[in-house]
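Below sits a lone chain in structure tokens, taken as the form predicted on its own.
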Amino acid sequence: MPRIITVAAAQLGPIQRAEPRAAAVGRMVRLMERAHARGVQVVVFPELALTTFFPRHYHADRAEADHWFETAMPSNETAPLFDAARRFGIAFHLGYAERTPEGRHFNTAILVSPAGEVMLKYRKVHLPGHAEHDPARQVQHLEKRYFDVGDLGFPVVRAPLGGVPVNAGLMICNDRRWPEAWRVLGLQSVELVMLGYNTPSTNQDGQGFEAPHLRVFHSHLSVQAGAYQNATYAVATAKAGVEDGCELFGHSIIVNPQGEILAQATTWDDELITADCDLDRCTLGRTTIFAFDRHRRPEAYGRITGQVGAVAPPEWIAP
């Protein structure tokens, strides 16, 4: 019996700094209504979907940023999403800022079942940006100031989605650029990777290395390569448009295990894109080209886990 599920990337247009969570939640519930009408079984929302991308705003007192964080999930403000999941029988992925009872802060994503139960939680590992205000930057990127490095690794769970068991894994935004993140999920036989992002159209640090015309290309390249090299479907969902004066490029995509884009957002607004995913198509890649049990050579990969920064190679000297 084929295992086919219908997934959706629920892209969000900009959420301005002054907008309350209730406004964002209302927009997401409307996208879930549209998803239900299309027969979708899993909806993927963006990173930090409840608020503006607040790491672009500097608070001298770190505690002043706490109002951006959630201390419970669901909360009173997010409860309508969980109610919609139960009403429509749809699972959903949600990215948000999490503050723990111990006072730690994480950029977090959860996978919620159609019954409104949290089936999987992930906390972002690869935090980009900087920790202190940079007067040379027009827009700050202070993830290293506001978030702790994720402490849950890259977990995968076999979860009932759309009436079939699915090996589901999560990552967030910058994680998609790191092949190690994809491979850890692939080593757990992941079949569906869900990730949200908020990526500006301009990399102020990239200069010519990542010119604006390469931004979407690099984003898609990372997701397509990760899906292909680990024989998995991937849903990469963005926030898009001009948010607090900063342009986010959007271009949400759904990718198959061959690395092909099945669907792509074409606006900077709230937009739902969908695709049918035959999960049995993950089998071919992981039993042939990427049959890890036959072809991987961990003994040759020691630098990947044993080293952080790059080092210079030995210099060749003529005999």
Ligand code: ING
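These numbers come from a predicted model, not from an experiment. From 1 onward, residues are counted along the sequence shown.
Another form exists, predicted in complex with this ligand; not displayed. Remarks below refer to it.
Only one listed stretch (28-36, 260-268, 45-53, 287-295) carries heavy atoms within 4.5 Å of this ligand in the predicted bound form, and that stretch is 45-53.
Not displayed here, this ligand is approached by Arg215 to within 4.5 Å at the level of heavy atoms in the predicted bound form. With a 4.5 Å cutoff on heavy atoms, Asn230 does not count as touching this ligand in the predicted bound form; it lies far away. Taking non-hydrogen atoms only, Arg123 never approaches this ligand to within 4.5 angstroms in the predicted bound form. The closest heavy atom approach of Thr199 to this ligand in the predicted bound form falls within 4.5 Å. Taking His141, Arg87, Arg183, Arg99 one by one, only a single residue has any non-hydrogen atom within 4.5 Å of this ligand in the predicted bound form, and it is His141.
Checked against this ligand in the predicted bound form, the candidates Pro74, Pro179, Pro128, Pro114 yield a single residue with a heavy atom inside 4.5 Å, and that residue is Pro128.
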